[in-house]
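Only one chain is given next, in structure tokens, and it is the form predicted alone.
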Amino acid sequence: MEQAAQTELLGLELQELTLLVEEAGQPRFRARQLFEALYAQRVESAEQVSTLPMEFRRSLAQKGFVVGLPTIERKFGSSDGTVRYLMQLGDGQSVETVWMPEGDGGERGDGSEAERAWDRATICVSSQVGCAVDCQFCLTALLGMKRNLTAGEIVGQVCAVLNDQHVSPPQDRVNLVFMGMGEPFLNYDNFMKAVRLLVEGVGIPESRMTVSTAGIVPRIYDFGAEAVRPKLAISLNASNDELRTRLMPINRKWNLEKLMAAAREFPLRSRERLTFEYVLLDEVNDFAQNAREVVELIRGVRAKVNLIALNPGPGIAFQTPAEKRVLEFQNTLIAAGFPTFIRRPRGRDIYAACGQLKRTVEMTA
């Protein structure tokens, strides 16, 4: 007998599950039971959904329905408690997801309730296999672009890590940052569907989520119009167009004028701040003049700035600046009235820090 093709349940919204149970001749309330089992209970197989009749569970399996959680292929533990997960997907591709038991300070000062719990655990989530944006200081760029992740694969990373860490929102406070492999706004529909499922199903409030974009300007406008959305972080990384184009080729398509226009028009909620991220590269974009130019760029925006001293890696042609240069850059921004924080490099020794995700199996010495 020919085996049914597999269909993943993870990634289906309540409305889609309702259609599925109705087609199976089951009452509509079974969809809610299945939804809660997938997202709140985070079951690993349909057989574990004890609220469903055994006959229906068997039928799902016979028709090829599987939960679709990614498999944790490898785990790497850092001296600071960070864990880097190598997740295998259904087609054999893999992505990385990072667990930071105390976060990295990236949520401080953004004006949300996450500010009061910024020292709680943070999961860094990937949105694509590889990345097409080609930022010159990022290890993920060296992979190139393989494919987009489905909504289920994005949610599945979070569920797999929560299960492995024995953590359950909303009782346990967890922050999510969509800052892993890939550019979320180049996988916009799947990313937004995943956000809705994480809020409605897994139980992580949107106020504890942040998405980072390299500056996909049309999607910034779309994102601002969403009813349910995380906080927004924009990867700036340069203070003028010439430098930004060199470091981030995407600047050729959406330059700083267009990017900053979108930032100024972004509809911030009460007490919310837009975050600008700035990776400091030694004697490239970390001069006093660069800091002054950043001040002029973001003047008038209700914003905070996260500074990230480059996390080095093989194949990256830049160096990490000295602490003195980082602090001087920070002081210039603070003096201009912008809350400015230095992100702690979590998991740098296991290639888990910002800009280091590359499906690295080999470890540093």
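Computed from a predicted structure; not experimentally measured. So that there is no doubt, residue numbering starts at 1 and follows the sequence shown.
Absent from the display: the form predicted together with a small molecule. The rest refers to it.
With the partner omitted here, the stretch from 282-290, 151-159, 230-238, 79-87 that lies within 4.5 Å of the small molecule by heavy atoms in the predicted bound form is 230-238.
At the 4.5 Å threshold, heavy atoms of Phe223 stay clear of the small molecule in the predicted bound form, well away from it.
Using a 4.5 angstroms threshold between heavy atoms, Val95 stays clear of the small molecule in the predicted bound form. By the criterion of a heavy atom within 4.5 Å, Gly180 is counted among the residues contacting the small molecule in the predicted bound form. Interface membership of Thr213, defined by any non-hydrogen atom within 4.5 Å of the small molecule in the predicted bound form, is confirmed. The listed set Met100, Leu198, Cys138, Val174 contains one residue whose heavy atoms approach the small molecule in the predicted bound form to within 4.5 Å, identified as Cys138. Only one of the listed residues (Val49, Leu69, Ile308, Leu333) places a non-hydrogen atom within 4.5 angstroms of the small molecule in the predicted bound form, and that residue is Ile308.
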